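Shown below, as structure tokens, is a lone chain in the form predicted on its own; questions about how it binds or moves come after it.
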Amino acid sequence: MTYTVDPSYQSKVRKPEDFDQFWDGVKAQTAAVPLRPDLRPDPMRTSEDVDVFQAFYTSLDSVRVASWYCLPKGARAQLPAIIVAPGYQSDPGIPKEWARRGYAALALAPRGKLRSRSQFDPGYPGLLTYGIVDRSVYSYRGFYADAWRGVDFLLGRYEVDSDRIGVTGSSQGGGLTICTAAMRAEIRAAAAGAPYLTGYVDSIELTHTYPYEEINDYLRQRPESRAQVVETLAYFDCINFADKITCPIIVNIGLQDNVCPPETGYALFDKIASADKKLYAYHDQGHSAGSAEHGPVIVDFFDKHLRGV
């Protein structure tokens, strides 16, 4: 089946009037929590050219978050840094390739991921609908904060140049890339692929694949909660974060993507405020969003903006 993009589609997403007030409050609550960073060498995963560490820090509601941290072997200089955000179901890989290219690389595992489950574990499926009728307890309130807190971890590292931090990811990682670039001014460049968490209320009508179908499943069981669900999701929709992005950014989407509908990618890109933005639309690609072809584009993008190459 070929996915047909409707060029006239208009997003149903609306930004709440108190959107900024809500997230400023979350940021303030998160900042009040001591970071308590911990870095542990991992000899088994370390190789001849890359030092690998297990990294930990504390986030919103005092939840302890795990991550992988990689450095070029024996790194001492002020390095550019990359935050790698994870997909919905997959756990983050060890970002050795970024370290081999000369970056300090932090692969995030926000709450609910395998190594960050001890205090919060809604499961998969489950994360997308946990607390979905209340913005103050919705799962992504903490999940977003955990991603943003990764910036604080890097800012505390002596080997990281605080003026050269970027963020990237695809699918859920693409959504986390968008909201992190929006809410953390320290991000200097961002590359978002097939951004999930974008156009929630659009996506549950445009596609019936998971994870978005989790929301439809929830609404079939609790039809009376639809208004509350829509109200909550508006605070977490990446389309509503996009006008805060001012750093250089590239976005790639697949025009045959039935997981994250391309209509939502176009709506997101249109709202991004950065004067330096570019959209790559891959015509025959699904949820991979042209990753094989686009991978070198991402590398060149960060080399330009963070390494001056």
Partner chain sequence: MPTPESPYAKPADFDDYWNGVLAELERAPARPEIEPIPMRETDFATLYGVRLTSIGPYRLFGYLSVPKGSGPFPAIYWPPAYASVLQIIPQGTANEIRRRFVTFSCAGRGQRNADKPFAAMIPGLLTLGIESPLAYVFRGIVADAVRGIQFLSSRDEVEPLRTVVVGNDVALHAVALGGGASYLVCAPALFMDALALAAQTTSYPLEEYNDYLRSSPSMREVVADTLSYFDLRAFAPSVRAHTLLMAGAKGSALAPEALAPISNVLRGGARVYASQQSSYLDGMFSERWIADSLQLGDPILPEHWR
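Since the structure is predicted, the reported quantities are computational estimates derived from the model, not experimental observations. Numbering follows the first chain given and starts at 1.
What comes next is about the form predicted in complex with its partner chain, which does not appear here.
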Mark Arg76 yes when one of its heavy atoms lies within 4.5 Å of a heavy atom of its partner chain in the predicted bound form, and no otherwise. no
Looking at the partner-bound form in the predicted bound form, is Gly156 within 4.5 Å of its partner chain by any heavy atom? no
Please tell me whether any heavy atom belonging to Tyr138 falls inside 4.5 Å of a heavy atom of its partner chain, as the geometry stands in the predicted bound form. no
Is Asp152 one of the residues lying within 4.5 Å of its partner chain in the predicted bound form, judged by heavy atom distances? no
Just one of 259 to 267, 273 to 281, 22 to 30, 56 to 64 has residues with a heavy atom within 4.5 Å of its partner chain in the predicted bound form, so point it out. 259 to 267
Hey, with its partner chain in the predicted bound form, do Arg100, Glu213 and Ser288 all fall inside the 4.5 Å heavy atom range? yes
Along 91 to 122, which positions have a non-hydrogen atom within 4.5 Å of its partner chain in the predicted bound form? Asp91, Ile94, Lys96, Glu97, Arg100, Gly112, Lys113, Leu114, Arg115, Arg117, Asp121
